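Form predicted alone, single chain, as structure tokens, below.
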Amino acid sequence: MNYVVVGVSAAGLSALRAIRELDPHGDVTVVDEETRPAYSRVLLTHYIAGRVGERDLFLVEEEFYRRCGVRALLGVRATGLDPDGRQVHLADGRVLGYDRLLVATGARAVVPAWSPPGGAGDRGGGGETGETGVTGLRTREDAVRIRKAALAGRPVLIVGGGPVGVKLACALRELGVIPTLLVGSPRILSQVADREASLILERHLARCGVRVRCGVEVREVARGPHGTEGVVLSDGSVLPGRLVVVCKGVEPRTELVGGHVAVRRGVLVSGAMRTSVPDIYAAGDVAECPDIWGEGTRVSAIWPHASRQGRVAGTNMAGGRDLFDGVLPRNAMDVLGTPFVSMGVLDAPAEGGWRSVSRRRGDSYLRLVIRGDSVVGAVLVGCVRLAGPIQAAIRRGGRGWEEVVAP
């Protein structure tokens, strides 16, 4: 059997290991744009804060692929797909044949219209050059660049108040830098937290020295004789800063398979991680999977899901049988000493048997979203010890939540 794995981050690496467990002798080729072995994107903000070293980012050593009997084509981009001929075309002109193909190409940073060419978004991640002063936070190179700029005393502006933007603001504050967080929405974490949780965390960030400005949009980058000098906001004011980090979310990198397999927001897959084309699988941030309620499909750009999806895909590619048990959206972070977790459905419609249950003690906050008699979502701030039991309750159908959260 001839396997090709395109992308070797969380999903690709898990798939590779699963394939080798079931098929020690098959031909396996991995293709990845990164020139170095797989590393943890989850740890990038920890590296920026100085909590881990650059070497600690890597998940495997360079000899890992050799030990596994895998042909590793690193620093190479897959540019085309021929499902009828079962071939993957590479940027350097090579063509790889396959019997089973995994697409684990991940996601790229969303690039605003005002971002200059060569700035955030290049190569699916950052790509800041000395000329732009603008970067994303998607790759190891991005993290190295941001940490170097912060240590050099360059004022940092973070555009985007989602999980990545907030985590970066916390990392920079740990490093001793006072960053400015620019949020287009009326509140931070608007997609992953309810209003109460957002306000608690926003006030906490401000107390810790992070500058937060909500309800503002960037119109353009302000340039001067020495490069980037800040950003021009929608009200015409200029906010100074020497490095602008764009954290406006990500989008699945579906271009390799677009036009060949079914794609909505991401590559549509079954619970077995199979696409609409036989022997082509997808996993990780590029995949759009069924949710745990069986009511729709979702892209889930979180590490645990990517790792599990990769294992399911690799097992099935190698002739085994495994199923991904569905996407349960989840976010967890430490906001400068205040833990935050959210999961599942966060909005309770005013009708149709939906309701919410909440309690707050100081800056500790819990809110559950209930549909009928079942818990389907939760937000926790401060005390998060119930996050695990609540998640387990959601996954087993949502019943019995009263016992879980009883005082």
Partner chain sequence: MLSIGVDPTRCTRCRRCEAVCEMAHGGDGRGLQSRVRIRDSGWPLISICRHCESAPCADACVSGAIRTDPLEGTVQVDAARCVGCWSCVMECPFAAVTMADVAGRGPRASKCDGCREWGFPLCVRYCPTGALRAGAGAGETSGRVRREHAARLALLPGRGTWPALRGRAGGGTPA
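These numbers come from a predicted model, not from an experiment. Numbering follows the first chain given and starts at 1.
The form predicted in complex with the partner chain exists for this protein as well; it is not shown, and the discussion that follows is about that form.
Although the partner is absent here, D27 is not a contact residue: none of its heavy atoms lies within 4.5 angstroms of the partner chain in the model of the complex. Although the partner is absent here, R100 is not a contact residue: none of its heavy atoms lies within 4.5 angstroms of the partner chain in the model of the complex. Using a 4.5 Å cutoff between non-hydrogen atoms, D373 does not count as a contact of the partner chain in the model of the complex. The partner chain in the model of the complex comes within 4.5 Å of a heavy atom belonging to D322. The partner is absent here; in the model of the complex, the one residue of R36, R360, R51, R355 having a heavy atom within 4.5 Å of the partner chain is R51. Residues of just one listed stretch (305-313, 229-237, 263-271, 88-96) have heavy atoms within 4.5 Å of the partner chain in the model of the complex: 305-313. Annotation for 382-396: interface residues with the partner chain in the model of the complex are V384, R385, L386, A387, G388, P389, Q391, A392, R395, R396 [heavy atom within 4.5 Å].
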